[in-house]
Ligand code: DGL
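Read the single chain below, which is given as structure tokens and is the form predicted alone.
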């Protein structure tokens, strides 16, 4: 049995790594839409179209489940994907919310993400059902930082403080990283705010799959596709998951327009 995973770029590799570790026998196909990254500043209609194209491409490999490893796509396109694909489709938002509820002690939870994810209210709507206080903030510079490989050091720390100091001042004890790029900044965030419980989408999804008793047995095949050349993608792929080769596909294989 096989799993498809897609994201706009690098971030979903954190999910790929965790799923590979937790389900070593699964065949896993990953698509990073590097030609059209980021999704977070696109319209809802555009994100849905990109997501449907990615889902259909991965479905052509006979996958048994699709993981939407992109918070923006999970916010805007999850219902559409569930309607058009006859396989389980799992987003990052519900697993992340469930983990945050387990983590928090003072019921003050921070959520950071792209502007589109925060504006969609996807995390807020689920969290509000659990009697917690929610503090949200878009962090638009985090994705380009990660894409450029600036995940530690003075610049990364300055940007993290600029975005998170106000949230931490509100007394949050748990922070949801509402974008799969953001776990690559987790070390820097923990260095500055060591008391925070960090919700990492990749770990939350792996736990969710185990709780749902989904079992994936295959040959352990790993395939990674990108839609454009990307030095940062190649660099982080080597750091996160080693020497699995990349295959560049032409956008014409995805695009329906």
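Positions refer to the first chain, counted from 1. Computed from a predicted model, the values in this text were never measured in an experiment.
One more form of this protein exists, namely the form predicted in complex with the ligand; it is left out here, but the text below deals with it.
_Contact of residue 179 with the ligand in the model of the complex (heavy atom, 4.5 Å)_ = Output for residue 179 is yes: heavy atoms within 4.5 Å of the ligand.
*asked:* Within 4.5 Å, heavy atoms only: does residue 143 come near the ligand in the model of the complex?
replied: Heavy-atom contact with the ligand at 4.5 Å: present for residue 143.
*Is there a non-hydrogen atom of residue 39 within 4.5 angstroms of a non-hydrogen atom of the ligand in the model of the complex?*
Judged by the heavy-atom cut-off of 4.5 Å, residue 39 is in contact with the ligand in the model of the complex.
*Picking from 190-198, 50-58, 64-72, 211-219, which part of the chain touches the ligand in the model of the complex when contact means heavy atoms within 4.5 Å?*
Of the options, only 64-72 has residues within 4.5 Å of the partner.
*Scan 109-123 and note down the residues that get a heavy atom within 4.5 Å of the ligand in the model of the complex; none is a fine answer too.*
114, 117 sit within 4.5 Å of the partner.
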